[in-house]
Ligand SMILES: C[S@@+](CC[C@H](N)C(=O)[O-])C[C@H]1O[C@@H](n2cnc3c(N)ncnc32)[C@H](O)[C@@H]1O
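Just one chain follows, in the form predicted alone, and it is written as structure tokens.
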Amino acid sequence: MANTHDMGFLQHLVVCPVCKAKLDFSPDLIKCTLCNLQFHQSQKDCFDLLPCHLPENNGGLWEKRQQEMEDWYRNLIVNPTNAYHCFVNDYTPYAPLLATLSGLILDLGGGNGIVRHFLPNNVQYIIIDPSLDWLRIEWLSIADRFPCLKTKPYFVRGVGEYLPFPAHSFDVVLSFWSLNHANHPERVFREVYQVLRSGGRFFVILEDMEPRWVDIIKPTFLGKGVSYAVSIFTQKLRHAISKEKWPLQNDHISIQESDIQKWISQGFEVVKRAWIGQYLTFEFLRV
């Protein structure tokens, strides 16, 4: 994995998240050379390209959801053993997929960069995430089990709706559970389309998704036991009869598969759709 203490590579890659023009760098300030947008820098180990007005916040709802998520992870890392098991349970099912990836990879909402543990050593990996909490020293408490955490990743503070990268930069974009926290997921798809190279892949892992009827009889559900499959079937039946909303965590937005089909219609095709554990997983190809 690349040594991320050298920020020169990242400096030459990033652009203005709004107009995509070149940036001018000084020690405590990054400034767009075209639209004059300014980004004040508070840390030396990342680039902060999230001016406060970019995530249209809908009356502060985005900040509230973001804060709930950050609080959850702060509480998680208080007990390193629990944090370790949480990450193992979530990411290990994706290890075979991640081991096949190559090239330049962008991780939307990549957090502390723990996905590096499962990636080949020769990839280049960049995180964009709106929270600087992921760079805190507390995450070193599980570095003995995830050695990748001993080296900080290339980290850009920002959001998927305004990606600060030039067109056709990345071979792969990952979104592990981050789309559920987005403010405008349809814009995320448009931005990802722009930064992916032709033939690039976009992996989206989603929470709180309603399964199709046929999903419930597949091995992914039945493999968790009959009682689990029955509970999902009952929940879906109740949902169909009462028209009540599918259960949703407080810090998540509701995403429907019909929405996804609209968002990908102009630039992506579905390579794979599968349930991995309780998460609906998509692989999209940029066409």
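Everything numeric here is computed off the predicted structure, so don't read it as measured data. We number the residues from 1 along the sequence you see.
Just so it is clear, the following notes concern the form predicted together with the named molecule, a form of the same protein that is not shown.
Judged against the named molecule in the model of the complex with a 4.5 angstroms heavy atom cut-off, the residues 87, 111 and 177 are in contact without exception. When the named molecule is considered in the model of the complex, residue 130 lines it closely, a heavy atom lying within 4.5 Å. The closest heavy atom approach of residue 215 to the named molecule in the model of the complex falls outside 4.5 Å. With a 4.5 Å cutoff on heavy atoms, residue 161 counts as touching the named molecule in the model of the complex. At the 4.5 Å threshold, heavy atoms of residue 169 stay clear of the named molecule in the model of the complex, well away from it. For the residues 196, 204, 182, 106, the 4.5 Å heavy atom test against the named molecule in the model of the complex is passed only by 182.
For the candidate set 37, 69, 232, 253, a heavy atom within 4.5 Å of the named molecule in the model of the complex is found for exactly one residue, namely 69.
Residues placing heavy atoms within 4.5 Å of the named molecule in the model of the complex fall in a single listed stretch, namely 152-160, out of 77-85, 93-101, 152-160, 116-124. Shown without its partner, the chain has no residue in segment 244-269 with a non-hydrogen atom within 4.5 angstroms of the named molecule in the model of the complex.
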